[in-house]
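First, one chain by itself in structure tokens, the form predicted alone.
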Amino acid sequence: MRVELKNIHKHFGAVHANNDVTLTVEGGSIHGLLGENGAGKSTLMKVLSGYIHADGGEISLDGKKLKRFNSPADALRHGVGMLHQDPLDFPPMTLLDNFILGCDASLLQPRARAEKEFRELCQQFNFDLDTNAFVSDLTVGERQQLEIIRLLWLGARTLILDEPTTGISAPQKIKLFATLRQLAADGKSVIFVSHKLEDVEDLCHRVTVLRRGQMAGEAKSPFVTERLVQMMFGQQLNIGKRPNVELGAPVIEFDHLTLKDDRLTVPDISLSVRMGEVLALAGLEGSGQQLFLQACAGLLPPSAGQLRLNGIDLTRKPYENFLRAGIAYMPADRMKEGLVPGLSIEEHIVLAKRGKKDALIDWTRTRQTATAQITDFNIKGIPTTRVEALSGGNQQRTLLALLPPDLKLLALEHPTRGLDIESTLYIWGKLLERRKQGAAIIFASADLDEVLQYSDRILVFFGGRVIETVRSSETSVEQLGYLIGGKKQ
């Protein structure tokens, strides 16, 4: 299928999200759609897949002009399906039930035929999926596999994938890329939406770059990284080196700490983290990093051992004690755990205020504070902007803006997941300012380059245990990869 988008316009109030965008995707190719957070990539693909309607422009499939699709089901009937960044499935239901959804309007679903064809598609792409398993038990990568075969079964000839490598492991990414290459070889059109240069350069035949809702340029493989960066941001970005900071006294100390939840036990952690130190947590998802961060923030009481902050025993103390002691936690899921959907930036300023609360809210002063924070943290919004309307990068900047000024320890879970290069550099610039002020930073990340670039030491988790502590300056991505896999060279 050859896909053409011509002169697409889309407004959200005063925001011109897509401004006269024209794009052509050839059949049998993987076409990258590249741009920073908020560039208009997802909006454009939601127009193509029928989730929203454009204000102007037209769509053509194999030369046949269409004004628009009335719904995602309408787009799928024409052969266009979209895999969203968060797969649109039903976790309490089985894989087969999810697979059948949307196949037709009949009350009698073709379960036997569907199960047979489900298994055939899994075999074709080497997916190990059980029709009787529940979606809630799948990894993000396996949920993507389920959605891919479902869309193909429903007739998709063009597949759109929106930021598909966010939140999946390295082996899952390898399998995903192999699947997309196989689809293109079979004649399908694949549109790969991303802000990650390395993914686009590795996978795509051609790329279109959006910047601030407009076409910034196109390129074909092999790509020149500097040119793509210039098109994305209008300038070259200076990565720079992490400045050295003289470390101070221990901030937080763990003495034979054991952590437990319903699935995992992480035993016998003993270490201390000093003022100005950055400690990274590396390992496969679910190996214990999240439990460790939650324990640092007072959200998970240890089942054994002792935790001290600046020499004060906080073991199994209430969460409020950790807040008063100067500890803050930034979760990976910004909208479910970090921010409150439906509330504005200025309303979050009110909620985040620590100490004695006033009986009445001074909205004039709150708005002034919100305006100052928006400027200081370069947030693309206004005080009354609801947080769910912000891009991922701007949501993360908002979380940073809500942190109190006198932190002793900052615990972060995937601080730059889903962010473009510019946002990542900005976020880490702000975090390293805290480090210069004496705060200790503990962060978990699946990005090994990020782990090595910004940390002093790395705590490696495997199967619920800390198997190694290494200095970042004395290891490499390859060595770290072996450790994460449970192997010591």
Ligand SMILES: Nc1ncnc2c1ncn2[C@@H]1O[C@H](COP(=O)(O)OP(=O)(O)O)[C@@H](O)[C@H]1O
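Start at 1 and count along the sequence shown; that's the residue number. Keep in mind the model is a prediction, meaning the values are calculated, not measured.
In what follows, reference is made to the form predicted together with the ligand, a form of this protein that is not presented.
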(Q) Just to confirm, with a 4.5 Å cut-off on non-hydrogen atoms, which of S423, T43, S29, S445 contacts the ligand in the predicted complex? (A) T43
**Q.** Distance check, V21 to the ligand in the predicted complex, heavy atom within 4.5 Å
**A.** no
Q) Heavy atom to heavy atom, is A439 within 4.5 Å of the ligand in the predicted complex? A) no
Q: Using the partner position in the predicted complex, report whether E450 sits within 4.5 Å of the ligand, counting heavy atoms only.
A: no
Q.
With a cut-off of 4.5 Å between heavy atoms, is E36 one of the residues that contacts the ligand in the predicted complex?
A. yes
**Q.** in the predicted complex, residues of 1-36 near the ligand [heavy atom within 4.5 Å]
**A.** F12, V15, A17, E36
Q) Out of closer and farther, which fits the Cα atoms of V387 and G40 in the predicted complex compared with this form, where the change is 3 Å or more? A) farther
Q) What happens to the Cα distance from E285 to L33 in the predicted complex: does it get closer or farther than here, with a change of 3 angstroms or more? A) closer
